[in-house]
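In the form predicted alone, a lone chain appears below as structure tokens.
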Amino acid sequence: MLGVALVSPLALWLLATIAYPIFSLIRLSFLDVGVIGTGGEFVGFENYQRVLNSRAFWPSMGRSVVWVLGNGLLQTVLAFSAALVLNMPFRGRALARTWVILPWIVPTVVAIIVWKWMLGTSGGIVNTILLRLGVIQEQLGFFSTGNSAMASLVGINSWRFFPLLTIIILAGMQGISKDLYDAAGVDGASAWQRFTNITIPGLKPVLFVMGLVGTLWSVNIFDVIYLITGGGPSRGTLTMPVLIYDMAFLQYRLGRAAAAAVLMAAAVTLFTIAFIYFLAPREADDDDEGWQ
């Protein structure tokens, strides 16, 4: 009874902040509602049918996959590179470790304003520098096409989040015993062999958590995309969060937006289950096999 009494406040808080909103979302997906606060007619699975048959849903789902994969790959490469550098001894390392987190601390709106100015075709500093260096002959339209806009958004979002991943990876590297590297050095192992046989295996738990949490963060990113392109040009950056917002607050179809959100949540849940099942570290199993 004491354990129940101690856990009850947290359980009630979770029910109020997580379970009830999810229940309300699922309930709303079965209603024909246009504006928040108004009643709606029960339409069953009609909203789901309309969403699945719409021309925007599946392309938006595909763009969300591209968005997640692009961010995951670029952020991991940047974070690994930065963590490896910050893990080496050099003068000013403590200051570098402190300031590397700065891009993640900068407010999103401020970062977006700066990046839109830097990548702009009218006096943007990136185009100006490239033109003066002779790298390009005419200004690049970073947001002029769907592909270029998506690539630019992935770069901006990765710039924002890779510092946090750098700190996480660096903390994992600090937890690997230096004796392993010393023993490998005595045995004549190269830097690449030490990286692949000591660093990567030692970071498996960190990489697993980072991959799962990073994916869940990326798939729900809305502000960066909406504030820069709004889903354009020509819906080239219309990912699922932006599509749901468009359905709910621009087309006034809350029921369909709720159905799209439920479908998106179901897809993310299936991915999470598969990710945990196939990629979760199984140290206990490895130990058992070694004992046998």
Partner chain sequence: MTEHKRSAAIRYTLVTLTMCLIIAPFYWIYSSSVKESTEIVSLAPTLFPQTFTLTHYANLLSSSDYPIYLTNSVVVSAATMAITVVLATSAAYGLYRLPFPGSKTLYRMILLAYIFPGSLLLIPLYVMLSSLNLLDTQLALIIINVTFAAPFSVWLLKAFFASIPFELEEAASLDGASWLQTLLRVVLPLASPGVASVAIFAFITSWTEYMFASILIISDANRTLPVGLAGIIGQYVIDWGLLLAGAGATTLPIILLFVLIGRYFVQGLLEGGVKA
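Heads up, when I say rigid core I mean the largest set of C-alphas that superpose within 1.5 Å between the two forms. Everything numeric in this text was worked out from a predicted model, so none of it was measured. Residue numbers count along the first chain shown, from 1.
Keep in mind the form predicted together with its partner chain is missing from the figure; the text below concerns it.
Shown alone here, V268 lies within 4.5 Å of its partner chain in the predicted complex, counting heavy atoms only. Contact annotation for W58: none of its heavy atoms lies within 4.5 Å of its partner chain in the predicted complex. Using a 4.5 angstroms threshold between heavy atoms, F80 stays clear of its partner chain in the predicted complex. Using a 4.5 Å cutoff between non-hydrogen atoms, Y181 does not count as a contact of its partner chain in the predicted complex. Contact with its partner chain in the predicted complex, defined as a heavy atom within 4.5 Å, holds for exactly one of L130, I200, A151, L216, namely L216. Taking I125, A189, I136, L73 one by one, only a single residue has any non-hydrogen atom within 4.5 Å of its partner chain in the predicted complex, and it is I125. Looking at 201-231, the residues that come within 4.5 Å of its partner chain in the predicted complex, counting any heavy atom, are P205, V206, V209, M210, L212, V213, L216, W217, N220, F222, D223, L227. Once the rigid core is overlaid between the shown form and the other one, F23 does not reach a Cα shift of 2 Å, moving by less than that. I273 is not among the residues whose C-alpha shifts by 2 Å or more between the shown form and the other one once the rigid core is aligned; its shift stays under 2 Å.
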